[in-house]
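Form predicted on its own, single chain, as structure tokens, below.
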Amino acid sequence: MSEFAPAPTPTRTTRRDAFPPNWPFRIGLLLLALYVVYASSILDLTWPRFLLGLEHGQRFLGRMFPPNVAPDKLKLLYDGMLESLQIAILASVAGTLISLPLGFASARNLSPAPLAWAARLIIVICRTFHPVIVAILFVKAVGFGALAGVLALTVASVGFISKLIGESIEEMSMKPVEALRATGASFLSVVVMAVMPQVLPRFIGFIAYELDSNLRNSALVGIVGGGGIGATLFTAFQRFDYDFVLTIVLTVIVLVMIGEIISGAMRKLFQ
């Protein structure tokens, strides 16, 4: 036998061997494409209708310019925006106060399983419906006005904040928690000394984002009777005051931008 055996010939790997075809993925894409075609055919999504909509939209936008800044209109705008801001702040505060204990209860690494699943069921119920649908229900229950808007946005805030709080707690490190439990610390001490320092910056970010979201949603719930600038916007549409509609829309955009700046500053402050 030779002292130096020849090196084995390397097997050639083809592209098909390195990247085998993913047939379930391809079949899924094909089925999705077929369903898109089917849904488009039964929903009357036609190109002539789209072009007609562009024509109507052009005339609508033409009637919106220039924005209406008459003193009486600005007074309506100020009152509506102030009420929307109050609705958003009240709903955010109430939603946060409810979401903190509910979020802790939903964390499976802190709560027993029955309590965690019960809390998650409440969160799912709060997240099931859009704030507009919830606002319609509260308008039927308590009547038109800001109370219905506050209640609707509070439910939406609970569904959003409590879910993210529970997920943040489940993702944190359990070593500080276990160390405090080994010393015999109470549950409240564990929360204050081991849980809060890890998740407080994210809590602040969630609350700031929800306040920003409630500022936008306050206009939506107002359209269905929940008070705020949405009611003023709906009235302007009914009266065909499209120039005043543009004024309201621009004001809402500015207010949301200001809220985004404030929420960003809050997140940086607590990082």
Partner chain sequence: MSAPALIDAPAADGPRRWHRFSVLERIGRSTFYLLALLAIVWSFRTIEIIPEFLVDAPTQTADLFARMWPIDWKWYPKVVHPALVETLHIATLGTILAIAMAVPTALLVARNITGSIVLNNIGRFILVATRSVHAMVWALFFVAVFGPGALAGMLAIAVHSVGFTGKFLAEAIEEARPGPIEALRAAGAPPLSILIKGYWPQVKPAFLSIAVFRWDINVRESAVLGLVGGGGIGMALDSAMSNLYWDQVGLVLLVIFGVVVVTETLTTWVRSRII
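Think of the rigid core as the biggest set of C-alphas that the two forms share within 1.5 Å after superposition. Because the structure is predicted, anything quoted here is derived from the model rather than measured. Positions refer to the first chain, counted from 1.
The same protein also exists as the form predicted together with its partner chain; that form is not shown, yet it is the one meant from here on.
4.5 Å heavy atom contact, Trp23 and its partner chain in the predicted complex: Although its partner chain is absent here, Trp23 would stay clear of it in the predicted complex, with no heavy atoms inside 4.5 Å.
Can you tell me whether Trp117 touches its partner chain? I mean in the predicted complex, with a 4.5 angstroms heavy atom cut-off. Taking the distances in the predicted complex, the answer for Trp117 is no, it never comes within 4.5 Å of its partner chain.
My question is simply whether Ile261 lines the interface with its partner chain in the predicted complex - judged by any non-hydrogen atom within 4.5 Å. Although its partner chain is absent here, Ile261 would stay clear of it in the predicted complex, with no heavy atoms inside 4.5 Å.
Close approach of Phe187 to its partner chain in the predicted complex, 4.5 Å, heavy atom: So Phe187 does not count as contacting its partner chain.
Exactly one of Val191, Ala179, Met172, Val132 has a non-hydrogen atom within 4.5 Å of its partner chain in the predicted complex; which residue is it? By the 4.5 Å criterion, the partner-contacting residue is Val132.
Just one of 142-150, 106-114, 179-187, 67-75 has heavy atoms within 4.5 Å of its partner chain in the predicted complex; which? It is 142-150 that comes within 4.5 Å of the partner.
Residue by residue through 70-95, tell me which have a non-hydrogen atom within 4.5 angstroms of its partner chain in the predicted complex. In sequence order, Leu82, Glu83, Leu85, Gln86, Ile87, Ile89, Leu90, Val93 come within 4.5 Å of the partner.
Following rigid core alignment, is the displacement of the Val69 C-alpha between this form and the one not shown equal to or greater than 2 angstroms? For Val69, whose C-alpha is compared between this form and the one not shown after core superposition, the shift is less than 2 Å.
Quick one: core overlaid, is Phe240 moving 2 Å or more at the Cα between this form and the one not shown? False for Phe240: its C-alpha shift is below 2 Å.
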